[in-house]
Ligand SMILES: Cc1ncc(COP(=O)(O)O)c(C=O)c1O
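Given next, in structure tokens, is a single chain: the form predicted alone.
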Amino acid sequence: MSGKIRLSKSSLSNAEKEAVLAVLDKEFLGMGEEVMAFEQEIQNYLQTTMDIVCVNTGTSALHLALNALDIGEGDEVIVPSLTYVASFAAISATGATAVACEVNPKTLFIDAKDVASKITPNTKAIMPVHYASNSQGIEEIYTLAKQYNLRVIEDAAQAFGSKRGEKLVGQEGDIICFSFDGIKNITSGEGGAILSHDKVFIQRVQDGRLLGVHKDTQKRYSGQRSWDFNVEHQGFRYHMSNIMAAIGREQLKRIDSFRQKRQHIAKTYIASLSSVAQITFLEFDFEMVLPHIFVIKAEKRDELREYLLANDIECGIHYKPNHLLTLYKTSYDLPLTQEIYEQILTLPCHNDLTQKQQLRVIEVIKEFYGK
């Protein structure tokens, strides 16, 4: 079969292209009415009363959230080691220390017992990562946070459109951060969002995305900017542009079809590969989870990966644990995370993956294991 099968990709239609051209025609490319509209439409989609602040990346969302809580040098934030380095980078950018911990081996969500063992007087927040779009186990984290008076910053970068119980992720919680980068469940090219009910926090975030300029958001939404202003807190140039928001608005209209496709891909992998004893699936409910990535645990993982690549099938490893990286190396081991890291493999999962391509992926995996 010719042609490489991609691990992930953006799925764009003419509607997104036309929306960008419309912004270009207006010649107001920065943060303005498109961003305001995107925030309102996200709020409507999630059916939430939480305030929403759109920014330029998911990493910026995490950094701004931490910054708005005045988390910095001497403080600690507990976070699973098995996550993209962005989670750790956002914490270290504030001067705080990222405290790496284990995950639940069945879901790869942060392990509440290990979190509890790592709480110290310096702990200011817990950052649970919605690994592969799943947040099963979040209730235990909120229970711990309440017990120890900690803030919860949900790294929900992968989880937009996923459900938690009967509600969508982002409908309620302390602080939720989404990503809208090129290969997420919806994209705005790059982009992210921060959600919270905390009005004081949200004002800090709104100011922080615009270099700390106090209440500049309201001016930008009306096509103006502040000339006589004050800055009380450190800010950054993290705002979302109208171009990005225009893409995101069109993507949001397509999320139901994206959910149907991605969930169908996940269910097809499970139905077709369940007979392969060397493969274990994460314990997700794919009626609830809208999968950004589809991850398996595989025996002879490295050999399987090379075999897939040799057959023009891209695959990935999400992620190299952060406690193994030089900058974030720990003085303690995380044996469970290390064991999981040696088993996990990410299979192609995106909106443009054809049935023929997915069946090819399944065929090659079975071929490798002699099935």
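The structure presented is a predicted model; accordingly, all values stated were derived computationally and were not measured. Note that residue numbering begins at 1 and tracks the sequence as displayed.
Keep in mind the form predicted in complex with the named molecule is missing from the figure; the text below concerns it.
- Figure note: of the listed segments 44-52, 59-67, 25-33, 327-335, the one touching the named molecule in the predicted bound form, with heavy atoms no more than 4.5 Å away, is 59-67.
- Using a 4.5 angstroms limit between non-hydrogen atoms, V79 is distant from the named molecule in the predicted bound form.
- Although the partner is absent here, A86 is a contact residue: one of its heavy atoms lies within 4.5 angstroms of the named molecule in the predicted bound form.
- Residue contact check for Q206: none of its heavy atoms lie within 4.5 Å of the named molecule in the predicted bound form.
- Proximity of A157 to the named molecule in the predicted bound form: non-hydrogen atoms within 4.5 Å are present.
- For the three marked residues, I110, R164 and G170, no heavy atom of any sits within 4.5 Å of the named molecule in the predicted bound form.
- Interface residue among E283, D181, E299, E140 relative to the named molecule in the predicted bound form, by the heavy atom within 4.5 Å criterion: D181.
- For the options I194, C101, I126, V129, the residue carrying a heavy atom within 4.5 angstroms of the named molecule in the predicted bound form is V129.
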